[in-house]
Each structure stands twice: as C-alpha cells, then as structure tokens.
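Coming up is one lone chain in structure tokens, specifically the form predicted alone.
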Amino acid sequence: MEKSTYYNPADLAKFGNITEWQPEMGNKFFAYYAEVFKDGALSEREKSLIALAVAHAVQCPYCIDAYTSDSLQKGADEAQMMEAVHVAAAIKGGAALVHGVQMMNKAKELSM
C-alpha cells in the first residue's frame, strides 16, 4: 500500500532552493538561521529541543522531522524530546484556555 501525505518528506531537502526565486532574502534568511542555532547562551542541543517543541506547536512536519534528527544528533534523548513536546502542548493548550477569559468577559458584557 502506497503511503500518501500532503507533505512530501523529500521536499525538506529542497528547502535551500527557496533562494532560487529571491536570492537576497533567501540567503539572508539562511545566514540568520545558521547564526541563531550556534552555541550561545543556550547550547545547540537546547536550541534544537526548543525548535522541536516549536515545530510541534506550529505543526510543521518538515520541522518535526528535521529537529527530531537534529536533537538526536546533538545528544538529546527520547525523554528530553518528549518533554519538549509536552512543553509545546502545555503552552498551546494554555494559550487556547486563556482565551476563555476573553469569552467570559464578552459573555458577561452581553449578559448585563
């Protein structure tokens, strides 16, 4: 049975090709991207785990594949990666729930 998805995993390897149609901005993006992920106040491994969590929050399958591999290559273990995913889930869930306050404020305003 052929596996079919909207996203083609092979497209991740073509990410650099975005510079073909707009080299200046594409090259600036990749230079910035490379700088962001260098060791700094946070280690490359910590940044990779953050990227993995963000990838889940923004639901980017390419980023999930890339930062699962990258996290493992930088020494993260499965427990750390799953904990990062749970942090993303908590933040995203919390962001949805905190909007409940907005709903409550509006409902109270309309009920007056």
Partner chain sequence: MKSLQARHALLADTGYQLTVLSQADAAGAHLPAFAHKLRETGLLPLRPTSLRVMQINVGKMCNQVCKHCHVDAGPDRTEIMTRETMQQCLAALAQSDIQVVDLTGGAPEMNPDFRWLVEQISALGRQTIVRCNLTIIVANKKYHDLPEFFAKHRVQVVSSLPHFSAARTDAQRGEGVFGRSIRALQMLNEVGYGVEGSGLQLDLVFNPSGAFLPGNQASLEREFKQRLLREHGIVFNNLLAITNLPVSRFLEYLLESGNYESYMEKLVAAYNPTAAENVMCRSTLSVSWDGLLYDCDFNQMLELPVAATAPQHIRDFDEAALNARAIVVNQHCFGCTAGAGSSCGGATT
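Since we're looking at a predicted model, the values are computed, not measured. Residue numbers count along the first chain shown, from 1.
The protein also exists as the form predicted together with the partner chain; that form is not presented, and the subsequent description refers to it.
Exercise: residue 84 in contact with the partner chain in the model of the complex, heavy atom 4.5 Å:
It does not: once the partner chain is placed as it appears in the model of the complex, residue 84 has no heavy atom within 4.5 Å of it.
Just to confirm, residue 59 within 4.5 Å of the partner chain in the model of the complex by heavy atoms?
Taking the distances in the model of the complex, the answer for residue 59 is no, it never comes within 4.5 Å of the partner chain.
Find out whether any non-hydrogen atom of residue 76 is located within 4.5 angstroms of the partner chain in the model of the complex, and reply yes or no.
Yes, residue 76 is a contact residue.
Taking the partner chain as it sits in the model of the complex, is residue 72 in contact with it (heavy atom to heavy atom, 4.5 Å or less)?
Result yes; residue 72 sits at the interface with the partner chain in the model of the complex.
So which bits of 18 to 32 sit within 4.5 Å of the partner chain in the model of the complex, heavy atoms only?
Residues within 4.5 Å: none in this stretch.
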